[in-house]
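This document starts with one chain, in the form predicted alone, laid out as structure tokens.
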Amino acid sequence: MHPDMTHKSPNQPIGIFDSGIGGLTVANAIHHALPNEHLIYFGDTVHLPYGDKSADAIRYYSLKISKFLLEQNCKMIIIACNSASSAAYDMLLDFFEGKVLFVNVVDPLVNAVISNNYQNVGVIATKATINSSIYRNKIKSLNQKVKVNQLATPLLAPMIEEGFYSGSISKSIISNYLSHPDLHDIDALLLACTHYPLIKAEIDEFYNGKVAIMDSTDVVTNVVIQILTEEKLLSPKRSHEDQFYVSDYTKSFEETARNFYGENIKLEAQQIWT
């Protein structure tokens, strides 16, 4: 059930935010599935990574960014960050009730596990996401019988950001993590970090295709399409170029952003913390 969105128009943009540039994997999936939509991305590079911050701090950042995206007239806001989805989603729903549609990256992945009837599920993510146990708790709340094993894989995100993937270094680190006893005998592995789609092929190779590798990009995109269709808010034609904002600009962010988005994009600095 969604708020009354009769005051929204299909031509309004979709806002997407993350603590940095990992959420660009989600933005790119939506861009390809819904090429008529105008996307406004905000990466909070001043405060990254959110995984090291308190839940209260993450809620404050998420609130301020959501206000900025609402000022850009967004019809929907996608929280393309696992830490913010865990800590801030419920608060944002309450605070902006009736004003905008929200989608997070956790629930679509959890629902996909349940609908596919997987019984032994592995979850890899940052320490913060694993410590929150949000995936385990949500999966168990829907089906108590599913076995969920979690493993923090803190080296993966910085490795990917530095461009060390599809090579011997990433193969070694991935193999080291995935060989952990907690990930034995699983039938599905959830990549519970928006960085990890960039190493999905390597993870699939490790398991020789015998384990379902699931990330949030496709499932979140499907939820976005479903909600916008239900609300009659799908854009009929492309009206604007997508915009990509960061709270702190450096040249290296732009280079990393290109890797995550898969295409050349121009980052603009947007000071919302002054």
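Note that residue numbering begins at 1 and tracks the sequence as displayed. If you superpose the two forms and keep the largest set of C-alpha atoms that fall within 1.5 Å, you have the rigid core. What you see is a predicted model; the values in this text were computed from it and never measured.
The discussion below concerns the form predicted together with a small molecule, not included here.
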In contact with the small molecule in the predicted complex (heavy atoms, 4.5 Å), from 79 to 87, 169 to 177, 112 to 120, 143 to 151, is stretch 79 to 87
Name the residue from Ala29, Leu48, Val224, Val211 that puts a heavy atom within 4.5 Å of the small molecule in the predicted complex.
Leu48
Answer with yes or no whether Cys193 is in contact with the small molecule in the predicted complex, where contact means some heavy atom within 4.5 Å.
yes
How about Met159: is it within 4.5 Å of the small molecule in the predicted complex, going by heavy atoms?
no
4.5 angstroms heavy atom contact with the small molecule in the predicted complex for Asn104:
no
Residue contact check: Thr126 to the small molecule in the predicted complex, 4.5 Å heavy atom
yes
Does the distance between the two CA positions of His38 reach 2 Å or more between the shown form and the other one, the core being superposed?
no
Glu205: Cα shift of 2 Å or greater between the shown form and the other one (core-aligned):
no
With both forms fit on the core, is the shift of the CA atom of Glu241 between the shown form and the other one 2 Å or larger?
no
